[in-house]
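First, one chain by itself: the form predicted on its own, in structure tokens.
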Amino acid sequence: MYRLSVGVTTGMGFETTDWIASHADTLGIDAIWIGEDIGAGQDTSVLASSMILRSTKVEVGTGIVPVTMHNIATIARMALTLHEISDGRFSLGIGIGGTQDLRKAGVRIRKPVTALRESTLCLRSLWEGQKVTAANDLFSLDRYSLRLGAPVRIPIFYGVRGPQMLTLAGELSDGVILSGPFDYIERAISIVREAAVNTGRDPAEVRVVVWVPTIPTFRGIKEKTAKRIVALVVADTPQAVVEMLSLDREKIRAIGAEVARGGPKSGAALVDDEILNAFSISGSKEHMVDQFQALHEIGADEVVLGPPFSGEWKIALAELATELRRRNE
């Protein structure tokens, strides 16, 4: 049996995110993950607090907050606050950020693996109540403390993709959020688990969350919407990940170049059925749940529904959740 979650982004309208939070308990959803659209939409921490207060059972997590765009002390305090108001239902997902978004923001990271490692160690030290002194390309702290009365334990998830980042996830994280074609996801899970074992950890300690675009065409979502989203996902795929795929690399490169030139809508024209099916899960609810089960069989502990949310998406969410529960009975 695996967990079923819903994924949203800060670029969505509040009506959509509020409905999901308000109905998550009734739908039987295990978690809600909030992806940050860098420089756009709602504030991640405010949206997370709203979703926590609108639900009573579900876990709420960021998927992800880019450490490249936020002060580390602010991230630590934000996570601490959400941990407290949720009574322990909050998980902090962090990462470097999407390739396209960082490029647009003019952000360049020389040593991303080191940056994520040091950010993780800093956060955990702060939550343990320590006074932290540290300096790198991302932050500088001088005996900074959160002045905690007692240590707190907040799960840290990594939204990462390349082999070195996946290895780091296996070594340090409480969980990893993966996205991409099935053959890549299977290889990525293997890397995470191997790294965990090599570090002396039980691989089961690292929760594997798989978040790929889910497109319930059985409830009216348009294919052109799906292709725009997939084009952006393809464009954000690092070269290290492309090298791990069995797909036509020239085709992937062309889509990335077109998105960089004219945006996702322009890149969508180059997304064919092979790319669409590789980077998303679509079709009937039975087929989609078959795909979720296939992900579980290769190592996923949790699958994430959405985005996109269009067509009769509310009905689609309910029907997918019902179908999954039926099979798990």
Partner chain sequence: MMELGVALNVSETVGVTTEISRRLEEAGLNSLWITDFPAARAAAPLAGAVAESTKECRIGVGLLSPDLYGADQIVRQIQTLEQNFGKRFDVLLGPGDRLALMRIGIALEAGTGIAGRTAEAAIKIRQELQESGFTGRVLLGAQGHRMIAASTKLDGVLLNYSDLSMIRWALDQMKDVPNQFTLGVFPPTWLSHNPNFEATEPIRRAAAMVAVGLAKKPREEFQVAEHVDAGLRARLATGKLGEDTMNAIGDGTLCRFALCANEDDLNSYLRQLDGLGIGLVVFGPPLCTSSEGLEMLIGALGRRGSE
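Positions refer to the first chain, counted from 1. Everything numeric in this text was worked out from a predicted model, so none of it was measured.
The discussion below concerns the form predicted in complex with the partner chain, not included here.
For a residue to qualify, one of its non-hydrogen atoms must sit within 4.5 Å of the partner chain in the model of the complex; all three of G39, S50 and E84 qualify. Remark: of stretches 296-304, 263-271, 40-48, 23-31, the one touching the partner chain in the model of the complex is 40-48 (heavy atom within 4.5 Å). The contact residue chosen from S140, N198, T217, Q130 relative to the partner chain in the model of the complex is S140, the criterion being a non-hydrogen atom within 4.5 angstroms. With the partner omitted here, the residue from N136, T74, Q164, T114 that has a non-hydrogen atom within 4.5 angstroms of the partner chain in the model of the complex is T74. By the criterion of a heavy atom within 4.5 Å, K285 is excluded from the residues contacting the partner chain in the model of the complex. Within this chain, Y144 lines the site of the partner chain in the model of the complex, having a heavy atom no more than 4.5 Å away. Using a 4.5 angstroms threshold between heavy atoms, I191 stays clear of the partner chain in the model of the complex. Although the partner is absent here, L80 is a contact residue: one of its heavy atoms lies within 4.5 angstroms of the partner chain in the model of the complex. Annotation for 13-29: the only interface residue with the partner chain in the model of the complex is F14 [heavy atom within 4.5 Å].
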